[in-house]
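Listed next as structure tokens is one chain, alone, in the form predicted alone.
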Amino acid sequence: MNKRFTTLVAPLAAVLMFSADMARSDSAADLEPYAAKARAAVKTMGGALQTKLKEALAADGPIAAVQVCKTVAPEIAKEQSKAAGMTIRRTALKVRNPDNAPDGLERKVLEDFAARLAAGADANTLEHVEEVTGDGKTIVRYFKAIPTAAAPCLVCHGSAVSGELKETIDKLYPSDQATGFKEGDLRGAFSVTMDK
């Protein structure tokens, strides 16, 4: 390579790299209002679901809580999605309900969350937002990690699930993969899709 060519290419490469970094920064800033809206919707949905689970556990025990997850959780997701004007769902690498299996992007983000958690990240801070274009439409996808809490999560998702509770889970969810978790593990994520 001649010296003149090298002299011209190096500054051009630096400008292009700087421009790409600026575009990423601008893009992240552009998506923050969407992320903020999704965060609020996820907080509302998560709070509503946790309230129902705790009420069921207190009133009738873990078998009732499993029933809440089976019947009430999808209704809460529908109601919150409609109210917020976006689609909100839960997904995981190890699902209980096969309807919650991750799509390709969800799996990629969940695997990234798991790696970051293993490297010492705080699960409560793990989130991801990106713009996706396909079929002539642009959407925003937002993800918020769901850490496994000691209560109420481990009652039905821990290592000691047995007896009548295990039988009920097996009956309602014959393909269940969602046991054996410890406090602090990545239970899954909220996945939000909205129009841009």
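Each residue number is its position in the shown sequence, starting from 1. On a predicted model such as this, the values are computed, not experimentally measured, just so you know.
There is another form of the same protein, the form predicted together with ligand HEC; it is not shown, and what comes next is about it.
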Q. Tell me, which of 109, 126, 88, 92 has a heavy atom within 4.5 angstroms of ligand HEC in the predicted complex?
A. 92
**Q.** is_contact(residue 140, ligand HEC) in the predicted complex, heavy atom dist at most 4.5 Å
**A.** no
Q.
Would you classify residue 48 as touching ligand HEC in the predicted complex, given a 4.5 Å non-hydrogen atom cut-off?
A. no
Q | Interface membership of residue 81, ligand HEC in the predicted complex, 4.5 Å heavy atom rule | A | no
Q) Within a 4.5 Å heavy atom cut-off, is residue 66 in contact with ligand HEC in the predicted complex? A) yes
Q. What are the residues of 95 to 111, in order along the chain, with a heavy atom within 4.5 Å of ligand HEC in the predicted complex?
A. 95, 96, 97, 100
